[in-house]
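A single chain, nothing else alongside it, follows as structure tokens in the form predicted on its own.
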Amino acid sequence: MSQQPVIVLVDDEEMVITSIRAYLALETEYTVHGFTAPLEAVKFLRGHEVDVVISDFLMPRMNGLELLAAAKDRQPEAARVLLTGHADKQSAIQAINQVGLFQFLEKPWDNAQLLLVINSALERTRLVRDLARKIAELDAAHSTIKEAQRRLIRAFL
């Protein structure tokens, strides 16, 4: 993540987005894109690389698990966080299993805890992307070695 980290925040309550965005503007240099309509957030995810997606659980038209599942499909390396006022263990377990949830936070949230979760999520995203790059490099090196072996074998036959 060479440029500023990008956070997508989705909640049907504008006040939640405004509050978190203002806090992050004071404490960080992160780019925060807020959406009150989950479908608009999904459209945004199609064309922009993001590092963390934070979503409310209960929203009209699309709940947080559906939104985070769409985020996982479009950007599997981005960390996913569920923010909800309706926390229960079953929802948390479902979220972890269905969307590879990074963290589950309850409303009302503690700003310091939210920032800690976001920073940890950003670190996770960075590590996952670094690992993917290293794997691609190893795959390329392996292909190069295999091709060199084939050439040597052909040269000696």
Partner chain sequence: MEPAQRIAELETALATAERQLIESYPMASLGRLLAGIVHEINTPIGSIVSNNEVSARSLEMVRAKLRESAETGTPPPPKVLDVLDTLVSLSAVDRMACDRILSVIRGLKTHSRLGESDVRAASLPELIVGALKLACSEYKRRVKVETDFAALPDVECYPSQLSQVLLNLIVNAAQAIEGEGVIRLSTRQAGGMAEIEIADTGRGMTPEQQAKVFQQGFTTKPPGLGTGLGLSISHDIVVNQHKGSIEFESEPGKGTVFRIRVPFTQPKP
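Please read all numbers here as calculations on a predicted model, not as lab measurements. Positions refer to the first chain, counted from 1.
One more form of this protein, predicted in complex with the partner chain, exists but is not displayed; see below.
A single residue from the set Lys107, Arg129, His33, Lys43 has any heavy atom within 4.5 angstroms of the partner chain in the predicted bound form; that residue is Lys107. The partner chain is not drawn, but in the predicted bound form it has no heavy atom within 4.5 Å of Gln94. Using a 4.5 angstroms limit between non-hydrogen atoms, Ala22 touches the partner chain in the predicted bound form. Within this chain, Glu27 lines the site of the partner chain in the predicted bound form, having a heavy atom no more than 4.5 Å away. Within 4.5 Å of any heavy atom of the partner chain in the predicted bound form lies no heavy atom of Leu9.
Looking at 55 to 63, 34 to 42, 97 to 105, 118 to 126, the stretch with residues near the partner chain in the predicted bound form, meaning non-hydrogen atoms within 4.5 angstroms, turns out to be 55 to 63. Counting a residue when any of its non-hydrogen atoms is within 4.5 Å of the partner chain in the predicted bound form, the hits in 3 to 18 run Asp12, Glu13, Met15, Val16, Thr18.
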